[in-house]
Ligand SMILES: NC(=O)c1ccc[n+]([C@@H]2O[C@H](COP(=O)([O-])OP(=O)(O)OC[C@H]3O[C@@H](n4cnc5c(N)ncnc54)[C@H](OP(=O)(O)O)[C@@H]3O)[C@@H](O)[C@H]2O)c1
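The chain that follows stands alone, in the form predicted on its own, written as structure tokens.
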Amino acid sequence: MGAARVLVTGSTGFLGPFVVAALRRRGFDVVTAARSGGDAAVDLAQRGSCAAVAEALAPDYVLHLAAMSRMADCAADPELAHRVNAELPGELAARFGDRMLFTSTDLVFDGRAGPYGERAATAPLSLYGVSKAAGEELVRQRGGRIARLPLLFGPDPRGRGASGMIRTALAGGRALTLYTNEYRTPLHAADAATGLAELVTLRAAPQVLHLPGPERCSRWEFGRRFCAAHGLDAALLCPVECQDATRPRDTALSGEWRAVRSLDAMLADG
């Protein structure tokens, strides 16, 4: 038999290239779908597109990264956010069952009881979190699997991810507000991709898995440490206490999966 074929949706997003590379290193036959580029250039939000892509590419497994991930975009168009973040993964799970791994977020939690284990109840505060939690429920009901990810960072030519945002702001001489009271477990996108590549075919694994970074830290601490790791002037980073009721204060994750590298090693590679 040949290598298992894995379909990666959202392959041109921030995490996508890291995931494709990690899967190929493990010997998988990787096919991709995204709104532009990939083996199938398709807007998966269009009804009927999931079935068409599945039939055309015939994957053995699906790693579903595609999402509407900007909180402001979800707040501006809740209907589209529900379609992309809930209905779409539900449709894939209905077709592929436990051969489908859906990437969710730590923002399905309300931040009042971190760190959160894999059995913790979701209680999202933002429309983004609400839509992803709804997606989780549909995936769970239909036999799919869920991998929750924390704040991701790493090099990106388009300045995406937590570290890309910092680089872009500093390069443009713009002040950047970072919250002192918002805690996450940041993870390098390459390490997240390695974890997802390990988990995509593990159908006997728990239905919900967490991929936490190695340390809990605030967005402000993350920014300072990233700048220190790269010799960047942190003078434009502005520490501010978050007052936004839609942003949870502590969504640190915990779980059985462990990152191999330390946060400092990841930051140096960011």
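Each residue number is its position in the shown sequence, starting from 1. Please read these numbers as outputs of a predicted model, since none were measured by experiment.
This next part talks about the form predicted together with this ligand, which is not shown.
If you check this ligand in the predicted complex, you find a heavy atom from every one of L15, Y128 and L152 within 4.5 Å.
Just one listed stretch, out of 50-58, 229-237, 66-74, 206-214, contacts this ligand in the predicted complex at the 4.5 Å heavy atom level, and that stretch is 66-74. In the predicted complex, this ligand sits within 4.5 Å of a heavy atom of R35.
Although the partner is absent here, V84 sits close enough that one of its heavy atoms falls within 4.5 Å of this ligand in the predicted complex. Within this chain, D43 lines the site of this ligand in the predicted complex, having a heavy atom no more than 4.5 Å away. A residue is said to contact a partner when one of its heavy atoms sits within 4.5 Å of a partner heavy atom; P248 fails this definition for this ligand in the predicted complex, lying far away.
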